[in-house]
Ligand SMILES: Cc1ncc(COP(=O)(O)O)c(C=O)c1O
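Below you'll find only one chain, the form predicted alone, shown as structure tokens.
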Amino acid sequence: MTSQEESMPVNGKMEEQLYRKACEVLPGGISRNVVYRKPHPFYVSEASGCYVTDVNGVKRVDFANNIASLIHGHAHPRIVEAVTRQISRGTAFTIGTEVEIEHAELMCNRVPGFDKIRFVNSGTEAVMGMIKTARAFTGKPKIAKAEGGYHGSFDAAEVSQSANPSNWGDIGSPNSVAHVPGTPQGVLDNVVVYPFNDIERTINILNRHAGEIACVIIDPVPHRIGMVQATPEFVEALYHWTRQNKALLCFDEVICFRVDYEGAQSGYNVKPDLTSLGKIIGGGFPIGAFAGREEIMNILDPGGSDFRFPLSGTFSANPVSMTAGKIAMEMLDRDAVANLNSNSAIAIRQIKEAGKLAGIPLSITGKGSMFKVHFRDVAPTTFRESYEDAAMKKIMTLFLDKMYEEKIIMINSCSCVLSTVITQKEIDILSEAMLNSFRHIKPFLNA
């Protein structure tokens, strides 16, 4: 990349042409909503490390990392070399591979409570498999999930993820709100919605369905609930309730597994029965997994005496994802996690200072290498506190657009997830861009 190419103006002509072509064959010109933006999406030309270059030659620092999945940034040489070697030997077989076993051993040795693991193809599939396993193991039909929690793109997991003041109902008994029109009423009836971080109300709600709940699902650092951490007291209350009522406690760590070497669950005194995983454990390739106690996971064993849940997948545990994921997780050792989280803490301090200099209301939530910026003085602690209305969403869009102009890529919730290739140089670029963007939106915050 030459200095002339780096300084090319963002004229958008190439993107306009690509977007017009895309709209002819793709609904909205996209295959996933996260890339949608007005007047058109950006289109990537190449990426390396923590930098992404678009088709106009503009290079940006990537603090989105494909929605938290690229823990070592783009095109890491070790991963590229190993994957290229594997591709030359084949990409998928109806026969097992040794690397699947090696990746499974790596994950089970990493986390206490991961007795056995089953690989699938996405975080959505991981949660689906975890829910079906819980139902098959307990013989119960219902699941309980936090209001506002995101657990993938299927009917049961989507319930109430987009709840809003017009439909969410009383906090003591939140409605089960369909995410997509036409969701069967039976799905809504079998999803119990509880208020995140509210022990008394949650236990009261769970008690009303005690004999029917197969599992209680919680994301310990839920991205869609303002990236607010679940309190130890709340998690322990859920754990003890599930022990008393013969239900399973399920953690969704598809995103938040990155926050510590043994995942977010390492921050609690109690451990889940099952955990769903994805994103970083695939090294930049599609992956999902769920892991947990041996007696529970054994119901997936087709040769065992307690086989209850047949589960297959054409590309599950394919050697490309297994190879990339194994190397990525080997590189993410304790020292790498500590350095990553230290850099995140530095970034947060600098961003808070930028907020003070700009004179705007600002708070930051998150844990480890992931954090979210809130344009308010006091950080939220629940979903309803973290809810962003239409006016705030417009301000967030203005902020994100300005950050793109400042050559920074963030997640569209105003969140950042760091990769191991981020250095102080990029953190300084981020905080300076934040300062300029804070000043840009300040008139709208004060309106």
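Because the structure is a prediction, the values reported are computed rather than measured. From 1 onward, residues are counted along the sequence shown.
There is another form of this protein, the form predicted in complex with the named molecule, and it is not shown here; the text below is about that form.
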Legend entry - Partner contact for Y150 in the predicted bound form: the named molecule, 4.5 angstroms, heavy atom: yes
Inset, instruction - Report yes if any heavy atom of V127 sits within 4.5 Å of a heavy atom of the named molecule in the predicted bound form; otherwise report no. - result: yes
Legend entry - Contact flag, I255 vs the named molecule in the predicted bound form, heavy atom cut 4.5 Å: yes
Inset, instruction - Flag H76 as yes or no: does it have a non-hydrogen atom within 4.5 angstroms of any non-hydrogen atom of the named molecule in the predicted bound form? - result: no
Legend entry - Option from 175-183, 371-379, 101-109, 117-125 whose residues, in the predicted bound form, bring a heavy atom within 4.5 Å of the named molecule: 117-125
Inset, instruction - Just give me the residues of 219-246, first to last, that have a heavy atom within 4.5 Å of the named molecule in the predicted bound form. - result: D219
